[in-house]
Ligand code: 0GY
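A lone chain, given as structure tokens: the form predicted on its own.
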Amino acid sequence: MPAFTMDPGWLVYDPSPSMPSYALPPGAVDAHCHVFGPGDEFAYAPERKYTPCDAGKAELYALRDLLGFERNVVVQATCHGADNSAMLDALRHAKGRARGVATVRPDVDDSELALMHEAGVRAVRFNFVRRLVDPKPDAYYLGILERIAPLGWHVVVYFEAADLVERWGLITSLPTVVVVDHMGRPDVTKDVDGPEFARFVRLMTEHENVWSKVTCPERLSASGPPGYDDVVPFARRLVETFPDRVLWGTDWPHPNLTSHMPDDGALVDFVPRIATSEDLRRRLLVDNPTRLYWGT
């Protein structure tokens, strides 16, 4: 196994997050998190655009227990490419308390897909963010969709706000549930009622199979911590407009941040600001992810 050196200036996750003031409801799911390596056990992909710190399953599940989550959805990290070994290992050690989102290619073997499904994978991710991956033509993603259709998996898409126009046709043609990462990365310095975010709201309004993760205030905010105040109106708009199609997660271990590393306990305390009633919080944290990833 080759040796890996973390990128210079990489921000390592907070090893001692605070206990959140907000007590998560029973059954709460961290619906967006990752594992990185460790690199001496699960190699980072040769084509990766970054080399992170190691952040494995033991650290992820320790954070789960500290914050009060009961389950996780582990999303394949781009630094591992289409080698899902680290993510699958995390699922297999979770004793049924985790589901996964994989990265696959159109030529993936059916037997490999079956093993992923058995381990707990329930979706694939299509990443269009050019600084992280080299996006492919639409036909590439449609080829993957054909492969996963017999398993009943859904699709998670990651794009930046400017990419939505280009990928609108593909996204709106997908017959599965489509979960958009991080609200489509809106520019939160703009008006929540402006045309850019209105386009994303229209996507969800016109296409009832489209869900959104109202995640990553630390990634989207221009005003920064502790409150990430500029993100609140955007996330709250989606939670209140589409209460049965929103998800929330920590995004631990917070890859590719450059300004600061968030306190995961403080991120949990962000939830009541965007889901302002107990009913909305239960849907966001328990009912929606349980229905989507555990089928109940």
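From 1 onward, residues are counted along the sequence shown. What you are looking at is a predicted structure, and each value in this text was computed from that prediction instead of being measured.
A second form of this protein, the form predicted together with this ligand, is not displayed here; the remarks below concern that form.
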| item | value |
| --- | --- |
| In the predicted complex, the residue from His154, His182, His117, Arg147 that sits within 4.5 Å of this ligand by heavy atoms | His182 |
| Contact assignment for this ligand in the predicted complex, among Trp211, Phe197, Tyr158, Tyr141, heavy atom within 4.5 Å | Tyr158 |
| 4.5 angstroms heavy atom contact with this ligand in the predicted complex for Met204 | no |
| 4.5 Å heavy atom contact, Leu170 to this ligand in the predicted complex | no |
| Close approach of Thr241 to this ligand in the predicted complex, 4.5 Å, heavy atom | no |
| Exercise: Val188 in contact with this ligand in the predicted complex, heavy atom 4.5 Å | no |
| Stretch in contact, per heavy atom within 4.5 angstroms of this ligand in the predicted complex, of 106-114, 86-94, 69-77, 172-180 | 69-77 |
| Non-hydrogen atom within 4.5 Å of this ligand in the predicted complex for each of Arg125, Arg219 and Pro255 | yes |
| Contacts with this ligand in the predicted complex - residues in 7-38 whose heavy atoms fall within 4.5 Å | His32, His34 |
